[in-house]
Structures are given as structure tokens and as C-alpha cells.
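What follows is a single chain, given as C-alpha cells, in the form predicted on its own.
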């Protein structure tokens, strides 16, 4: 019986989705926690929600080819780039303010679009809010996998520069590093990564899955180079165990995964403090 369940296309797609989201979490979570702009994940996730509503609205108007996922991608990226522009030369506090304004604008647009969507189409939008990893399709996985590969490629290629501007942007500029380019690149990669995770887990839980594993890794890693690997391990563990519990205890997959990732962070804090005594 268990093997039959695990062989189901829904479960296989969910497992692939977890693997994709975990690798994204390892890269993006590291960038966001290092720069101290973790709330960017929540802002982009809710912008993606507005974009999904926009996509559903276009389908209602007869533009069938425009999938909600395309709208989520468009709105998430544009919102992130606006935030990047507003916080280019500002302090971390100004960056957070820009994130807050973009979040408010994104949610306002989502409310406006929702007002024109038919009631029977509402579940398509709410799916982006609460998420259901068991509903991922092959087309979803191909699109999300392509985005994840893109994020991973640029993260590996420019990892040193991205982390340098995260820790000391003034010194990086003095050394001749193209701060403006890497600033926009880091925000863009973060936005794409958040959109991938939002589709899999929903806008509500994206913060837990992207930030909690990376924050936990920051607490227990002895070297900076260990953080992405530990983040990946925590994300994969949370995702796999959460999916298993879904069928053994009959609880929602996305919520369980978010809870496990948060518990991992609390355990990491406890371990870190005990180790210092």
C-alpha cells in the first residue's frame, strides 16, 4: 500500500518539487539572511499572489494561454526590481522600507484583481496563498526546474561577489567590484527563487521554507561555506518528513513542512547556545 502511494504521480511530482525548492532555499536563503533582507521573500511571494490573480483575470477575459504562473513570475520579478532600485544606495532600514511599500502595493493590486474574478476561479488564486505541493503538474515542474537551474547557475558563478556585497558593500565598491550589478542580480535571483517556492508551498509558508533552514544553518555552521549545504539538508529533511507525515497522520503537506522547518530553526538556536556555554 505504501509503495503504491509513493508511486503515485502526485507524490512523485511533490518529491521533485521538494527537491527543487530545497536547492533554491540553499542558495536564496543564504543570500537573504546574509544581506539582512529576509522579508524580501514575503514581499515577492505576495507580489506573486497578485500576479497569479492577474493571470486568472486574463483567463477570465479570454486570454487562455496566459497561465497564473506567468503572472506570478512577472509580478514577483517586477516587484523585486522596484525594491532593488529603491534600496540601491540606501541603508538596510531604507531597503526594508522599500520592501514594505512594495508589499503593500502588491497586496492592494491583488485585492483589486480579486474583485473582478469569478467565484469559481478563486481557488486558482488561493492555491498560491496556502499552496499544495501535491497539485504540482509536470508543466509546473519543468518551468520551476528551469528557474531553479538558472538561480543555481548564477549563484555558483557569482557566489563570492554576492556574499561580499552582502557583508561589506562599501569595501566591495572600493575594490572595484560592480556593486550595482551584483545588487540587482542578488535581488533578481532571490525573487525567482521565492516564486519557485511560492508555487510549491504557497505565499504564507514561503518565508518559513526559505529563511528558517538558512537561519538554522547560520547558527550551527562553523564556516560560511557550510551554510548552503546545511540549509539544503534541513530543507530536504523538512520536505521529505512533512510529505511522509501527510499520508501517515493525514495533515496538510505544506503546513507540516513549514512547521518542521521552523522547529529545525528553534533546535539550531538551542544547540548553538548550549555549545557556547
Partner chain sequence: MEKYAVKIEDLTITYDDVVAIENVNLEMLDGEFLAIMGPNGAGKTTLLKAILGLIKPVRGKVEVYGYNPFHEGDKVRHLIGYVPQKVMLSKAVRLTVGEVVLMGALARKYPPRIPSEKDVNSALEALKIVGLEEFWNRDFLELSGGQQRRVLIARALVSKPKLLLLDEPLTGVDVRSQAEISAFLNELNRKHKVSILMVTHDLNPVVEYVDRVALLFRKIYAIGTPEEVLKEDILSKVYGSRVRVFAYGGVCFAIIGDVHR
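Note that this is a predicted model, so its numbers are computed, not measured. Positions refer to the first chain, counted from 1.
As for the form predicted in complex with the partner chain, it is not shown, yet the points below apply to it.
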item: Complete contact of 167, 176 and 222 with the partner chain in the model of the complex (any heavy atom, 4.5 Å); value: yes
item: Contact flag, residue 73 vs the partner chain in the model of the complex, heavy atom cut 4.5 Å; value: no
item: 4.5 Å heavy atom contact, residue 118 and the partner chain in the model of the complex; value: no
item: Contact of residue 157 with the partner chain in the model of the complex (heavy atom, 4.5 Å); value: yes
item: Touches the partner chain in the model of the complex: residue 114 (any heavy atom, 4.5 Å); value: no
item: Stretch in contact in the model of the complex with the partner chain, which is absent here, among 45-53, 62-70, 30-38, 238-246 (heavy atoms within 4.5 Å); value: 30-38
item: The single option of 171, 137, 94, 146 touching the partner chain in the model of the complex, heavy atom within 4.5 Å; value: 171
item: Candidate from 204, 107, 88, 163 lying within 4.5 Å of the partner chain in the model of the complex - any heavy atom; value: 163
